[in-house]
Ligand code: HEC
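This document opens with one chain alone, in structure tokens, the form predicted alone.
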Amino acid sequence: MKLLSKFNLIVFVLFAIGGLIISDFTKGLLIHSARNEVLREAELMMASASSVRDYTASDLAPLLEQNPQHHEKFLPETVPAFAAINTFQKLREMYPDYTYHEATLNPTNPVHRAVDWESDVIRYFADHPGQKQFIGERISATGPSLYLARPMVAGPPCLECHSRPALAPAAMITRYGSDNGFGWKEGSIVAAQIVSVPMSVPIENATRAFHLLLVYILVTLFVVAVVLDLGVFFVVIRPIKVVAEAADRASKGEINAPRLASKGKDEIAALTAAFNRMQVSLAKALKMLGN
């Protein structure tokens, strides 16, 4: 195997190892960045829903409760969850893959009943009272989604409607009945706010960026390899080849050949100078033998 081939093999192995390390690190970094982007969207959606809930509870509900119809007909607009969920439904007209749900194990309105994976999240919060939020991933009908969940603790305003049927507004009992949504205890975790944000688009963008980066890396490595090959050929191989050819001629008796050019102070120059000295010494030795 020639010297240039050996050099190319070493360079290829080093570039392959380095490329694998760089690509693996970069892919992980891009996926992590995409996940953080989705998480920021989920946090924004959660903050928006919480703001609507707070506004409804502090400003809108007291006004609606003064409406005479509130005592005859239950007005769902007085419930913070109703406002948050319906506001989010308007958002879903433009972003149908985004979901917001206030899931509970024992809801008054069946629409709020938790599905299997939501029930697991609520039980997790119940088993970990100090946990303020939970972030997870799941496979939805449209692909992978990231969800952000926060616990909902039963407070005095909740118990006005959910402690005992006898204490609940008559209009609410008329609308939803007295079988569900009661027995809540103050301070207990009864539900969870859950925002789900699709990950497919950010992950596709990260994958596309990763593939583009791989192309750039391969092109860069190819250019670097070509430049290194040219450098090795002109700086190392060609001068050594000149010395080798001169040595071959000297071995065949051509001892009066002109000296090789020796420029610089590197190892190749030292080798050329040493060959010139050897050629002079060989010529003197042969001349002495001839005499």
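Model, not experiment: these values are computed from the prediction. Numbers for residues come from their place in the sequence shown, where the first is 1.
Separately, the form predicted together with ligand HEC exists; it is not shown, and the next lines address it.
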How about C161 - does it come within 4.5 Å of ligand HEC in the predicted bound form, if we only consider non-hydrogen atoms? yes
Since only the chain is shown here, I'm wondering whether H112 would be in contact with ligand HEC in the predicted bound form (any heavy atom pair within 4.5 Å). yes
Tell me, yes or no, whether M172 is in contact with ligand HEC in the predicted bound form, where a contact means a heavy atom of each within 4.5 Å. yes
In the predicted bound form, S196 touching ligand HEC (heavy atom, 4.5 Å): no
Would you check whether ligand HEC, in the predicted bound form, lies within 4.5 angstroms of a non-hydrogen atom from each of P107, V153 and W184? yes
Select, from the options 99-107, 124-132, 214-222, 201-209, the stretch whose residues sit within 4.5 angstroms of ligand HEC in the predicted bound form by heavy atom distance. 99-107
State the residue from G177, P157, P144, G136 whose non-hydrogen atoms include one within 4.5 Å of ligand HEC in the predicted bound form. P157
Heavy atom within 4.5 Å of ligand HEC in the predicted bound form - qualifying residues of 49-63: R53
